[in-house]
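Let's start with one chain on its own, the form predicted on its own, as structure tokens.
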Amino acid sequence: MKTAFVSIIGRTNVGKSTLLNALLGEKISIISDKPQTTRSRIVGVYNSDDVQIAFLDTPGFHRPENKLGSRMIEVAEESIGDVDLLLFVAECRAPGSTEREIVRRIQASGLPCILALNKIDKVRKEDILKVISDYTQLHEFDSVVPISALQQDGVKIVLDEILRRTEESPVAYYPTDAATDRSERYLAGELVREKLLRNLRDEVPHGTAVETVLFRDREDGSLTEIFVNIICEKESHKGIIIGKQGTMLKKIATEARSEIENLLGRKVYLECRVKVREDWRNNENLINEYNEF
């Protein structure tokens, strides 16, 4: 058995989770066009014949504005540690101050690192070489791969680069039929949060969390019942989430239920309720209650 532990690191909203899902060939991490979508570390497991790669998807580096943001940065920093390889995902453009700080952390770790320059579908081909030059002047990466995770362009090259760096191991660290270390209960809650992020605007989605209060299968196995509390910070946000005559909440729940059914492979009854917990992102107890770091 050959194995590797790989941390996927980078700034927020650069496509780390999209790349993880593309590498695995299935959706493990939620994705949206909002920054700070990933709040906690999630392991995605790639299994093939005698190879297992554990990918650690982590929150993006950013300037925290509350205690939740600071906690997310701690999780991201901790991920640059006890792994075999770093996969640094950055947009294909000149490195900014956040990217330069990440490079400094990579250098301090002493770990090998592959740089994936993402979203090449949004830049001119002649600009890609300039960006590669900018980054290679900052650090001697083990490999630099231009990619478009969304369009699956270059993803196989990234995987091949990682496979070349796997090492012999006496055992697999995760069951060979596992795609993630997270439970179905956790993934269901995350899919509800994804629909909040995708359907809501401005500050509202960032101040939401999803608490799964019930997740159970009926005895005959025909249905899974899921009850969640959608947490927000203001009464005005609650009204936006519910929408006129409940239309927004129904839309969010319908979209989430459909995707949860695809995930579980069975029918789902999903009930969503909205609760207000003012300024929960600065309350350590509530941060721990609503998030599995």
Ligand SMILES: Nc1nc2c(ncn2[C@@H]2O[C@H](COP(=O)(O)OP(=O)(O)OP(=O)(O)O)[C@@H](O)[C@H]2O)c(=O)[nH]1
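All residue numbers are counted from 1 along the displayed sequence. Everything quoted here is computed from the prediction, not taken from an experiment.
Unshown form predicted in complex with this ligand; subsequent notes refer to it.
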* To do: Counting only non-hydrogen atoms, choose the one of 116-124, 93-101, 165-173, 80-88 that falls within 4.5 Å of this ligand in the predicted complex.
  => 116-124
* To do: Indicate whether the candidate residues 208, 212 and 229 are all in contact with this ligand in the predicted complex, with contact defined as any heavy atom within 4.5 Å.
  => no
* Structure fact -> Checking 224, 32, 66, 47 against this ligand in the predicted complex, the residue with a non-hydrogen atom inside 4.5 angstroms turns out to be 32
* Asked: Taking 4.5 angstroms as the cut-off for heavy atoms, does residue 38 touch this ligand in the predicted complex?
  -> yes
* this ligand contact in the predicted complex: residue 23, any heavy atom under 4.5 Å -> no
* Looking at the partner-bound form in the predicted complex, is residue 204 within 4.5 Å of this ligand by any heavy atom? -> no
* Does at least one non-hydrogen atom of residue 281 fall within 4.5 angstroms of this ligand in the predicted complex? -> no
* **Members of 1-17 lying within 4.5 angstroms of this ligand, judged by heavy atom, in the predicted complex** => 11, 12, 13, 14, 15, 16, 17
